[in-house]
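In the block that follows, a single chain appears as structure tokens, in the form predicted alone.
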């Protein structure tokens, strides 16, 4: 396909999208809403009404179901790769092997560059955390439907768009950083880590705020039927992909950076090791 043909095809796609957008904006809002836009936005944050029954035992936030689904999917995929794929790795890697090696190498290099003294466990943790954040953020693009206890159908959100999930991951990352301080400097490492007591709060709310902003924008666009034909595709994909990439990098980078700082041996520790 030459450049002229490519330009014609691109112009045709742009024209088609323009027609679809104009048509969608011309459509009236005839659908019945079971809640106002204020209630929709509020519930996206607090999950007061649209809750889901967990095996008939308890009503839980939709994000908990999302977290369980993502965790199960990641564990099953990891088990299949470990049992069926890794034993068949070759000296000349195929596409999937190359992709997997590049992914592992990226997080391993991130751990080594920020924590040269202790990075074995750190590399494994930021790899797992990064994969969970990325896949968990992309999960909302699949539009998996669930029925609330009130009988309404909703799409399951990203696990970390719930403040509870974001706080859990932020606190877990802080505990990993604390373990690095203990492993590198003993009880002195605890003191240096506890100085940054606001770190789990900032990490948690950074994740929560970034992912929630994308969720609220998408909810706002989907609420109005005359905007729900073309814009949600562009808005949802754009916000989700950007947040998945940015938040994965930011949290793993911060964890590796603070882990490297607290695990770096102090002078007294170095003298004892040399002696």
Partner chain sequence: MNVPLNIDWQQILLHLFNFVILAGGLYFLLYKPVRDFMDKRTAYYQSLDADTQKKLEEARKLEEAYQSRMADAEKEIREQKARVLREAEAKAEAVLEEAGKQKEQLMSDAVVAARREKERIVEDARVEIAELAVAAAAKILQDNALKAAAGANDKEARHG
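The model shown is predicted, which means the values in this text are computed figures rather than measured ones. Positions refer to the first chain, counted from 1.
Separately, the form predicted together with its partner chain exists; it is not shown, and the next lines address it.
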Next on the checklist: Give me the residue from 182, 154, 168, 141 that has a heavy atom within 4.5 Å of its partner chain in the model of the complex.
Outcome noted: 168
Checklist entry - Any chance residue 113 has a heavy atom within 4.5 Å of its partner chain in the model of the complex? => result no
Next on the checklist: Does any part of residue 238 reach within 4.5 Å of its partner chain in the model of the complex? Heavy atoms only, please.
Outcome noted: no
Item to check | Contact label in the model of the complex: residue 89 to its partner chain, heavy atom within 4.5 Å | outcome: yes
Next on the checklist: With a cut-off of 4.5 Å between heavy atoms, is residue 54 one of the residues that contacts its partner chain in the model of the complex?
Outcome noted: yes
Next on the checklist: Taking a heavy atom within 4.5 Å as contact, would all three of 63, 74 and 101 count as contacting its partner chain in the model of the complex?
Outcome noted: yes
Next on the checklist: Only counting heavy atoms and a 4.5 Å limit, does any residue of 76 to 93 reach its partner chain in the model of the complex, and if so which ones?
Outcome noted: 78, 79, 81, 82, 86, 89, 90, 91, 93
